[in-house]
Structures are given as C-alpha cells and as structure tokens.
Ligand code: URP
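Presented as structure tokens, the chain that follows is alone, the form predicted on its own.
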Amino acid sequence: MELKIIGGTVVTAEKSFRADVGIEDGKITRIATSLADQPGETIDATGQYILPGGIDVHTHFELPFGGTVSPDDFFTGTVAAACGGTTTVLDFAVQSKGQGLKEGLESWQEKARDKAVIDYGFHMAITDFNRQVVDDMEAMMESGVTSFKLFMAYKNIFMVDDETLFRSFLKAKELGGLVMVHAENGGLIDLLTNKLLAEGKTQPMYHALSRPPELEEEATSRAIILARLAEAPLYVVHLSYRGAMRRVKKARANQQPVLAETCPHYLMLSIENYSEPDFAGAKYVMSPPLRGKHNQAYLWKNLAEGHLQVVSSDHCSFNLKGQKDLGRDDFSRIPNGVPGVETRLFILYSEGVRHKKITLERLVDVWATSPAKIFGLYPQKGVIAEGSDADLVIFNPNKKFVLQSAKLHQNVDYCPYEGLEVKGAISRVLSRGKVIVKENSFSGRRGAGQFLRRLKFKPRLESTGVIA
C-alpha cells in the first residue's frame, strides 16, 4: 500500500474503534487491527481520532449579493475548508432572472474549475420558473446536480412565489431530485424592513427585528404543506428557531420526508451580538438572523436526538470594512452572510462533544455521513470504509488553540468566534489519499478538486430519525 495511518481511533457515525487504515490510489483499501508491518509511508495517529473528511453542503463562494461579491472564491474558500477538515463542498449555482438553469451552472463551473483544491459539487438555485426550467431540471439531474434550492425570502432578488415552489416540488419528485428551501416570509420581511427604516431604525439590530422568528416558522410550515401536497421530499436549510424545529419534527413524526440543517452560528451566537458597539454587530448579519439564547440548547438537543440531520456552515463571507459597512446607515444594505467553512469542526467538537451536547459519533454523522447520504455521495464520501475515497482528518482531541481571524485561511477580515479557546485541533487532512493540510499549513494544489456527479435522492425514514 502507498500509505498507512496507524495507532489512531477510527470514528464513524455508528461507532469508534482502534484500527489502522491503509490507502492506495486515493482509496481506503484496508482497515485492520494492525498494519504496522505493511510496506508504505506511515502516519502515526497514536492518541488521535481518524475522522471521515467533512462534507459542507451549504457554501456560497464568489456570490454576487447586495451590490458586492463574497470575497472567498473557490480557491481561498476551499483552502479554508480543507484547513478546517472539510474535503467536499456543495455550493449553490444561481439562475439569473430570465435565463435557464444551464447558464447558471456553467457560470459556477467556470468559477470553480482550476481553483477548487478539494472535491466539489453544486445545488441549483431556481429564481425564475420559466418554460425552459422544466427541461433544464432534467439536464441538471443528468449532469449530477440533483438538488434544487428555492428562496421564500429576498423579495425582488431571489424570492419565488408558492406556485413556483410547488411546481418545483412536483418536477423534482418526478426526477428523483431534492428541493431545498430558505424558509422565511419574504413579503412580510420587506414590509417590516421598510417600516423600520421609515422610523429611522437603521442599526444592525433591526436586521433581526425585521425578520422575526415567527416568519421563519410560518414559511417552514408553508413549505412543509406544499411538499406534502406534492408528495415530495423537502430539505430546510439553516434552521434557526425552535418554532420552525417543532414544525419539522411534527412532519417527520407523520412520516413525511422532511430534513433540516442548522449552522454553528445558531448553536453559538445570539441576537445580543447585534448590539456590539461601533457597527460591529454587522458582522453577524445573515438570514435567518441570530435568535435568542434560549434557542441554542434546544437546537443542540434536537441535533443530538436526530431531528436535525446536518450541520453546515452557510459560509458566505463579506468583509466588515468595505462591504458590510455599505449598510452603516441602512441595515437592509448590509450584505447578508457570515464566514464559517473553516471553523465548523472546531465548534462541533469543542462546544458539542466536550460539553456532552452530542457524541463524537453524532458529530461524524452530521458533519460527514448524513450529508453524504442525503446528497448522493455515499458511500464514496462521508465514511471510513474499504473502497471509499481516502478523505480523512487526523484530529488531536487534546490540543488547545484560540480562534483568531489572523490565523485562519478564510478571505475575510473577521471571525465570528474571535478569541474563543477551543480544544481539539487538526493534525492532518487527506484528500483522495494525499496530505493537503499539516498542522494548519495548506500543501495541496490549486485546481486539484474534482467535480462530483451525485446520485438521485432516495428517501427513507429510519428509526434513528435520519432520512437519507
């Protein structure tokens, strides 16, 4: 074999066990009690965990939004992802109004080609259900883009009406695709935003107050009803609020194929962050906005119990200086988004596993395995098994460090968790059997990432509460 990792503890979504891992031609070829006497280069992982490489199914690299463009492109964004243990990203290709889906996919393929350092794929964001879109959805499925995102928010930008959402559910069901929904009531958000601005309420806190949690709950409920009528599966992105969580749980209890993700910032931060002085609250302007602290424990609990299937980053970085400050006098002009593709694992382990909010196996599940199953990448990705891609993270659970923007690789001028001490650090990251990160230093190759053609969605409701 070309490479062997010895002495570590292999962690899967089901169990942890002491084993060595053998790698050849980019694949895991052997998992055994001992491979120490086998030929090949050796990595000693004694005292450390061997995790499957993370899969981040919600990133926005080089996204035009709010009159600017997110500064992490597919090079800097995937380098940051790799340094955070993520070896696969799924980004969102966006259809422009009046165009078909093919043009949107081609535009994002061009952005990623020759830049991505890790493997990547796309969801297709539908913003205009014109006659061409029906045929284009079939073409997307054939090209391996098997999920479609629709926005119930961002009026006059990305937002679609209920008819478009329902027609997308019907077509995706026919094709074996999965519809992902940003669930907020965009019409009422637009009304509340205009009302607050007319009253002279312009600061970042009013971003949150213009998007009250009830509007997330209402839109989540509406999406669930439309999906049920269409008899189609639904994936709710970046769920932030307990009311929306209750709606998802009720649907799943009724055997409806509804899945949901949350993000580290909803597990760690709260609406209080918007009150930081000197416009610093703008750092946390994303949608849905941060909620009250009482939601954090509720989300952790539902994550542990399997009611939330995925933790993604929703990475969409905008610099505080030169981008977010475009909205210094008008919160509606602050570009929405927060960085997080590099810090996801550290938050989940240090704040989740160490504080016994989730198990280590559950971390692996929401970090890699369930994303792979839901989005048609399993068993190639998201698992440590013979025959799977050798995408691996060697993780030292005892090493402490402090999250600092200056030491991260994200192309943005702040970190939402600046100064937070975390315990648990990455020793090495392997992508298809090649070491691309060692002790926070990236050594991979620009353009080495491969486009992933994904399988169709195959829902099943399991006793564990995971649909995949």
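Note that the structure is predicted; figures quoted are calculated from it, not measured. One rule holds for the numbers: they count along the sequence shown, beginning at 1.
Form predicted in complex with this ligand: not shown, discussed below.
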Exercise for the section: Heavy atom within 4.5 Å of this ligand in the predicted complex: which of His60, Arg432, Arg428, His409 fits that? Just give me the one. Expected result: His60
Exercise for the section: State the residue from Gly186, Pro264, Gly337, Gly84 whose non-hydrogen atoms include one within 4.5 Å of this ligand in the predicted complex. Expected result: Gly337
Practice task
Determine which one of 36 to 44, 415 to 423, 52 to 60, 400 to 408 lies within 4.5 Å of this ligand in the predicted complex, judging by heavy atom distances; exactly one does.
Solution key: 52 to 60
Handout entry: is_contact(Ser287, this ligand) in the predicted complex, heavy atom dist at most 4.5 Å
Key = yes
Exercise for the section: Would you check, heavy atoms only and a 4.5 Å threshold, whether Asp314 touches this ligand in the predicted complex? Expected result: yes
Practice task
Determine whether any heavy atom of Lys381 comes within 4.5 Å of a heavy atom of this ligand in the predicted complex, and answer yes or no.
Solution key: no
Exercise for the section: State yes or no: in the predicted complex, is some non-hydrogen atom of Lys115 no more than 4.5 angstroms from a non-hydrogen atom of this ligand? Expected result: no
Exercise for the section: Pull the contact list for 139 to 167: residues with a heavy atom within 4.5 Å of this ligand in the predicted complex, in sequence order. Expected result: Lys149, Phe151, Tyr154
